[in-house]
Structure formats: structure tokens, C-alpha cells
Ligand SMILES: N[C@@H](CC(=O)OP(=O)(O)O)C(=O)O
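Only one chain is shown below, in C-alpha cells, and it's the form predicted on its own.
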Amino acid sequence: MKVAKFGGSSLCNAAQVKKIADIMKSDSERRIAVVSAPGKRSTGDTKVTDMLIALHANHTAGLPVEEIITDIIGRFAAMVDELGLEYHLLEKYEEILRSYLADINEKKRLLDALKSCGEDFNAQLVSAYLNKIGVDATYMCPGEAGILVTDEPSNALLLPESYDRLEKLKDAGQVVVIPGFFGYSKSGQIVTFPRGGSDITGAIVARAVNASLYENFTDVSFIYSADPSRIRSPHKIEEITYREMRELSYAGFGVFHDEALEPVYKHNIPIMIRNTNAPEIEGTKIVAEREYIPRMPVIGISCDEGFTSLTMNKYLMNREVGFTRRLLQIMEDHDLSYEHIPSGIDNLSIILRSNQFEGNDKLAAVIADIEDTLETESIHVENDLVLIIIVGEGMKHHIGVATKTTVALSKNDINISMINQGASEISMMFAVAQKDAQRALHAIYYNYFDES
């Protein structure tokens, strides 16, 4: 059994829906489809999810909503028309939207309910079209399927008992179409996952039915060794491990949501990234283990912007028991998460995402608390940092990766603010100034991959 997840670009219009229907029909092992909300049809277009968020914003602000409702229904109406489906679907969609607006008073609950409609309506539409072309299919809402989640709006976490409930899908005699992105709490509330939630739903379902393959259909055939918008014609990755993909996803790779790896990697279910527009191409496969290629110690390089570092200096810091614990307590007290903590004998740096300091006075408050609690001799703040992460299972077998990388940066007159190697030995972080980001990425990339 294969589980196929289709992203927003794969479902943005009727032509794309026809493509995914052909994909499901072409392989009898594809028994479950997890679908996203319609994405952008072209540059400048609006995703249906964003339209639903705008509907919520207008409603809660007491502004008119009729035009937005008309636009949302219009997006689905265009698909219903071209696919030759029954118009009662549109009547049902509008009825649901209006009932949520009328009946749900809590803002956060209403937002989750409205956001879920993009995936929910699309799943019903896809199921109807599959039946129209002769595929025996059924729409199944997440609650009926068995996706139980925690009750924090917009931050759902799967409850473990969901896997036992979802296992029954293995025995379904039809193709099952499930909307991604949301589940139901035990109290019956609709709760959405964080960003990339449809990827998470797909992975959950794949694990529950012990799928032989989890296919993630998007608008690219491969994961690339670097961002194609930054590096011309980057290397295509044919096979990558879960750990490598996790490191790259965390550091800015946008193809696959990093949290979606967790349900499948523990059960060694391979993931295949495929292109809806070229389904015949076997794209990047994400696996538990892969063969080590000596000439390619690095498989991918990512560049993530928007970081701030705080560097503390204190003589004999290494002899002070509990220094790091107290520093992390200060971060927790101010509701801040950190990314890296490189350290020396008398100094320590902590790197955080800069957006945590926007629109507040947390930075000044944190510095004051550090000076008061840890009695540091000095604190240096560096803004506008970029983290360049190099990743590869082969790094732990290859001597000189750090040296080779630092030499490449030095030759291009790029100053390194700090270096940190992950404990797993499959990743290494280099912090550079924002102004040097593109040159640094090029210098490192072409140090490991041929320029084409």
C-alpha cells in the first residue's frame, strides 16, 4: 500500500486535479490520498488558505465578508465546472462557511475551523471526481479516519491512540481521500497542525497503515543540494537519509516539512518526492540508510537568514557550575528558543532567531538579566547573521571538511563569526554576516559540487 500526499500546487485548479486523479488511477497500490488546499494558480494569485484567513480577519473585525465568501466559493466553482461535478458541493461548502461564522464565537477556534475548510472542501471535490472517472473512492474526514489531536488551536499534536484508530484504513475497499492539515480533539474541536500540516497528516497516515512508500507530490521532481534560486542548476539529490533531510529542513529547505519526518522514520517507511507534472520521474527518495559516496561527503547546503547572537565573556567560565543552565533558564523565562550554543573556555555564544525580538523589548531585558544573574564581564550582540549549514552522512568519514570549508571562505574574504559542528557529526554550521551570505554560499557550494 502506498500513501500519496498532494500539495497545494498539485491541486490549484481543475487541470491539476485531473493529473492527480490519473496518478491515483495509474497505480492500484495507491490506496490513500491526503490532499492540501488549492494553492496559487500563478504568480500573484492567492492561496485558498490565505483567503480563509482573510475571511476570519474581516469577520472578527466586524468588516464585510460577502465578497471574500464569494471569492472562496468561486475558486471551487471554477473546478467544479471544469470537472463536470454536481453543484450541490458548492452549496454545501457555503453552508459550512456560514455555519462556522455564525456558531463559533472563540476567535482561535473559528480560525482553525475556517482554515481547515481549504483541505476539507478539496478532499470532497477530489473524491467526487475520482468516482466520476470510475475510481471507487470515498471522502473521509480526519475525525472519522481517527486523527485525534491535542486541543491547542493552530498547534495540534497527534495523540498516540490515533495510530490504532487509523490502522483500519488498511482494510478499506476503496481509495480513501483524507484532508490534511487538521484533526479533532477529544472534545470534538477542529484543531490545525502548524505550517506544513498536510505533510504531517500524510506521514501520520503512512505510518498508521505501515505503507510500503509515502509519496509526496509537489511541483518539483527532486530535492536539490542547494536552493535553486540562489545556486544555478544545483545538484539533484537522488537519495538522502531522514537525518540529512531533517537537518536541511530545519535550516531552511522548504520542500519537506521537518516535523513530517518523525512519524515515518521510526518505522523506516521510505518517502519519495515526486512531481505531479512529471509523475513518471522517480524523484528524491528519503531513506533510513544510504550508501556512502567518498567523493560526496556533503549532500546539501542550506542558507537561513535572520539570526542574532549574544556572546558572553567571563574569566573562568568553564569552572562555574550551572552557568549554561542558568542562561537557558533566562531564555525560558523570556519565552525564547535558541538554535546553537558554541562555546570556548571563557566565553559562550547563544544564537537565536531575530524575529523573537521584533516589536518588544526582550533583547534589552535578556541582556539585563544575564548581567545581573550571570555577572558576565561583557556581552556582545551581533545582528543580521546568516547561518550556512552543510550536511552529509559522509562528513563523519571524511577528514578535513571543516578545513576545506573555512579555506574556501577565507579565499573569498568572508569573515566567519562562529562555527559549530553538530553532535551527530553530519552537519556543520557557519555564521556569517548578512552582506556576505550569497558569496559565502557560492564559495562553499562550489567547493563540494562542480560548477555547471
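Sequential numbering from 1, following the sequence displayed. None of these values were measured; they are calculated from a predicted model.
Keep in mind that the form predicted together with the named molecule is not shown, yet the notes after this line are about it.
Though the partner is left out of this view, H56 does not reach within 4.5 Å of the named molecule in the predicted bound form, counting heavy atoms only. Looking at H88, you'd find every heavy atom of it more than 4.5 angstroms from the named molecule in the predicted bound form. Taking non-hydrogen atoms only, N122 never approaches the named molecule to within 4.5 angstroms in the predicted bound form.
The named molecule in the predicted bound form is not approached by S427, whose heavy atoms all lie more than 4.5 angstroms from it. Only one of the listed residues (G146, P179, G197, G283) places a non-hydrogen atom within 4.5 angstroms of the named molecule in the predicted bound form, and that residue is G197. Heavy atoms within 4.5 Å of the named molecule in the predicted bound form are found in exactly one of 412-420, 35-43, 393-401, 379-387, that being 35-43. Of the residues in 42-58, those that come within 4.5 Å of the named molecule in the predicted bound form through at least one heavy atom are, in sequence order, K47, T49.
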